[in-house]
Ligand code: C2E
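Only one chain is included here, represented as structure tokens and corresponding to the form predicted on its own.
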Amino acid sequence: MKKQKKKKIRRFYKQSIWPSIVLFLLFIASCVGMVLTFVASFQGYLMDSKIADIHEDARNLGRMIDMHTDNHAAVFDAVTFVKKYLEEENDICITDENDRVLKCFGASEPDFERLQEIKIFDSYRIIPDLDPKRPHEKRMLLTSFMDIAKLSVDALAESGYETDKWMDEPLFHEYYWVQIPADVQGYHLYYKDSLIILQKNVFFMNLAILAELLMLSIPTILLFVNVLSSIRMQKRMISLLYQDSVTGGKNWCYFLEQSRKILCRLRNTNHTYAVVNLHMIRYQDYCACNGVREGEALLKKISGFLQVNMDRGETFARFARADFGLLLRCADAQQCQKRLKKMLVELTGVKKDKMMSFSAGIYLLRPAANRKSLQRRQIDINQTYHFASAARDSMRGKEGEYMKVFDQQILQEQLWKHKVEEKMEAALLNGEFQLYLQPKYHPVTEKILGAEALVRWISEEDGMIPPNRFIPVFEENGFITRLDDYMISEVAKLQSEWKINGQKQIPVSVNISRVHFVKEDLAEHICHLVDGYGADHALIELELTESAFFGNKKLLQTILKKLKMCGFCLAIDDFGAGYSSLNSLKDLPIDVLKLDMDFFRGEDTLQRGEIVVKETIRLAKALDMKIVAEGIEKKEQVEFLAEQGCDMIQGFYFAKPMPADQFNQIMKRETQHT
């Protein structure tokens, strides 16, 4: 779910900004292209028109010379005649077919050695007449718009900003030798002409360009404002998506993204990082006592404290409720623990009038194998945080521990839990959960008076798996309810077989998890399972642990009364293992007390334990309850319990749990003996 949200944020980021930016850049590029095209077109048109005038003058001169030329000698006379009608600067030059100058009429002649400068227009040569005194002056054909504009502005300044005078002044004046198209064989004729561009020729071009720029500036500004608005809106949306609604700081999506960026930076590959699960203990109790608003205010203070204590290249965010995720840079595990210890100590005083406690789980990310390694890019931050959470959970119930580093043992436990959850469904369907029975003996006659049904998981891959390896997992994920139903059905089936075979029937107890006692129809559900095999309700004893008493007591009373009315026998398992309430004996219809085995262990507390056991048996007798002592392993314990009037004993002293077939054989032998 979080990965999908992360992808949506990235997709939103790309779709909301980049199309607008690309569109804006394309529009700017098109505008620049339009302006440049317009300038080039206008400048080209202006130059073409001027050159066309030069061509026309050359053709007119050619026609005049043809009219006055009858032979080769007359060419010179014709040129002399024509020169009289030309301006003084319009020199004429006669060359042979190899462009060797024969005669020039005027003060200058063309330089045919600069052939690379010769331009061809309409099959006629135009040779620039470059003034040696101005070697660096640019020709108009190569002059850019910016050069023209600069020349125009300089001319306006020189004219004293007199517009009329400035408009008629030449902006560009250049001389060219133009080939005259005359019908004279053996000769080439050239005349010197000038190309003049006035200020007014360029002025209107500038006005048109400015008008175009003004027209384009309006949509450009609007589009630019739209892009800025899109960027601002995107940043605001990203900020909202990355904001934690409770603390006002960053949320978990931000933590995942920022952690990934930090770890993937090349300069950080040689550093050790720690992903930390920081947890406030009993936060729910704090909210119950002080209110939800005070609880949220406390979380804000914790968030502010963490913000102050984060170094550069580190980050944190709230994961859920009172759990925070931290990414810390540290040299090794010892330094990380030392720093966290200091933070936890300071956090306990973040609320001066309240004493709080915190715990932390740590998962270390070692430096990458090499700087070019993709090792850091493959890290799943969510998974590493859950490893840190698993390290913290492993301290549950262990007093004095508040910090734990994820290690191989915890990893193996996590892998085992995952393996159990993967195989539990198939194991139930394949009958891998088998019914074992441990007999309950009379302490004096040593006859079997009952039995307790115990489950054993016999796997083809792992062999026999003890209950403490899978029952806690089932209680955590809720599969325990299905396993309990299976065990009740197996016991009912066994009772039915005994009845059909005419064997001696004894009560068999079955453990019922406290998870069941949230269903109002639990009594009806158990009756349905038992009645399916036709078993006697009175021969099935339902054991519940005292942890079930800490839930909804009224609902528990209702369910137990229904079970009692249905004829089932009710027992409290492990009585005295926790903090048993005597009110439970007063308010609940209990038939059997099973004394916890811890009463019979420990040399230092043996005498005090015997006193408690003696008084508990006396109390149970007074309440018309039967007493079962479990976990009995010594003869002295049996003798003591027999003296106190204990009804049944269960433990290794008499027998270990055994398969149902083996138990049946013992029952048959005992029946034959009697």
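One-based numbering along the sequence shown. Everything numeric here is computed off the predicted structure, so don't read it as measured data.
What comes next is about the form predicted in complex with the ligand, which does not appear here.
Remark: of stretches 620-628, 643-651, 26-34, 607-615, the one touching the ligand in the predicted bound form is 643-651 (heavy atom within 4.5 Å).
For the residues 543, 490, 432, 323, the 4.5 Å heavy atom test against the ligand in the predicted bound form is passed only by 543. Contact annotation: of the candidates 257, 484, 99, 174, the single residue with a non-hydrogen atom within 4.5 angstroms of the ligand in the predicted bound form is 484. Contact check for residue 456: a non-hydrogen atom falls within 4.5 Å of the ligand in the predicted bound form.
At the 4.5 Å threshold, heavy atoms of residue 230 stay clear of the ligand in the predicted bound form, well away from it. Interface residue remark: residue 340 is not counted as part of the site for the ligand in the predicted bound form, having no heavy atom within 4.5 Å. For residue 452, a non-hydrogen atom is located within 4.5 Å of the ligand in the predicted bound form, even though that partner is not displayed. Contacts between stretch 466-491 and the ligand, counted in the predicted bound form as any heavy atom lying within 4.5 Å, involve 467, 471, 480, 484, 487, listed in sequence order.
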